[in-house]
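Here we start with a single chain on its own, the form predicted on its own, put down as structure tokens.
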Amino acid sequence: MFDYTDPGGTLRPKAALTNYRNLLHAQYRQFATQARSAFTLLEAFQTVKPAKKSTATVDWLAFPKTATATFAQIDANRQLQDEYVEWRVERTASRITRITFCTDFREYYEAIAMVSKAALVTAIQRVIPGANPANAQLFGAGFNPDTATAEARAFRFRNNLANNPWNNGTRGIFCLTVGVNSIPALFSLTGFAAVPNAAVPAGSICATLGGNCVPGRNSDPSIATAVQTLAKQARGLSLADPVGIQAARLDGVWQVNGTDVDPNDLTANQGIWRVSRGGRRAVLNNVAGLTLDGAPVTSGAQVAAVFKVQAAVISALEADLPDWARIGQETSQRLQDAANAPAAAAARAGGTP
């Protein structure tokens, strides 16, 4: 199995990293074996010379284009934040003091929850110093995480995220909650968009992918178009490691007391914009006198409208990939061997992947 990177650096103990890598590999395996798809395993790129492979970033605005609501309503309702970005707004009295944007997938924390409640609490504390989540806050009432199975802990944790005050905005935010903001959704979108379709232009592919791509969003069409373009160029592709959505940049004109400030210059932006966890977390500090395009910052949605995030796709010409990784070889024995390697190893060890 490919040695998938821990994007947040908090997958401890080792079992949590193993859980996460197995979850990721299941997604890579599923779409690498999808008929006619240019999507393949990351292992295929390990033998390609650096000059013959490239990694492209696809960016889009974090603002939820499909939301027919006011900025204040979007801030208050995480279910409207469907662009693989969610946020929390903090206020003192009526004035916004801080906006925290998050792109960490919930599956990341599920992998930790499978290990133990203690490991999960430690991971949350690394993101939210001082957090002290109780059992009921993490898993819902009437559940004992210490006697439950790993799968039960992950299930209860996932299903209680909307009620968890350390994630629903009441006391903090550490991962994505909206159903479409998930690892399976990102892989499905990429995997299906990677099937070359000569009948439509690359820019129109999203509308042909059914529920795997929503044309009205900022994210889905951008990703689908980029992936379909690569597939039509006879390039094999995959989601780059580490998998995830990263902060790219803040657009717009930013000023503090009338003086221009570049928020993307993290060493000289007067502390108004901080990015951490490999781009999975970004915080806007609404310092006195801060304006965006001449107006004070009054909502998270206002900032999301100029906040670009991105995903990375690695690709190479199919002719430069191993034979087993090319379109039409999805059922080849070598691909099957690579895709099934974790399951085979677990079987030899007498366990489960």
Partner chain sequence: MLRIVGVLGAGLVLAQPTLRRQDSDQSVPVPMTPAEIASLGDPFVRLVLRPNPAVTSLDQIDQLILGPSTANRRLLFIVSEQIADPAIRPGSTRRTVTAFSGLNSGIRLNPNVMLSVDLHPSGFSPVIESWGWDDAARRYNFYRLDGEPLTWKFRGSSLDADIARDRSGKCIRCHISGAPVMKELLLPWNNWHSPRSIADYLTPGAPNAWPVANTPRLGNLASAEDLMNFVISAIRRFTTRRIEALANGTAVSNGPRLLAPLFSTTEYNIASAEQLTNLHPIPNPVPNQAAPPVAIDVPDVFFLNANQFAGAGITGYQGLGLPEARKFDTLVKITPAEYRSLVRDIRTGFPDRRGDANFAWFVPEASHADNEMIDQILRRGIISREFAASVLAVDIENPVFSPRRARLLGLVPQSFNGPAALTKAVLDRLNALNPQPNTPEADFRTLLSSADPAGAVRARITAYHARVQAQLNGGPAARRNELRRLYRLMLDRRLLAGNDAILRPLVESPLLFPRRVQ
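A quick note: this is a predicted structure, and the numbers were derived from the prediction, not measured. Numbering follows the first chain given and starts at 1.
Although it is not shown, the form predicted in complex with the partner chain is what the next lines describe.
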Testing 152-160, 132-140, 97-105, 195-203 against the partner chain in the model of the complex with a 4.5 Å heavy atom criterion leaves exactly one stretch, namely 195-203
Hey, in the model of the complex, does residue 241 get a heavy atom within 4.5 angstroms of the partner chain?
no
Indicate whether residue 253 is a 4.5 Å heavy atom neighbour of the partner chain in the model of the complex.
yes
I'd like to know if residue 59 sits close to the partner chain in the model of the complex, meaning any non-hydrogen atom pair within 4.5 angstroms.
yes
Using a 4.5 angstroms cut-off on non-hydrogen atoms, would residue 323 count as touching the partner chain in the model of the complex?
no
Work out which of 306, 312, 26, 287 lies within 4.5 Å of the partner chain in the model of the complex, going by heavy atoms.
306
Give me the residue from 281, 217, 88, 117 that has a heavy atom within 4.5 Å of the partner chain in the model of the complex.
217
With the distance limit set at 4.5 angstroms and only heavy atoms considered, check whether 70, 222 and 261 all reach the partner chain in the model of the complex.
yes
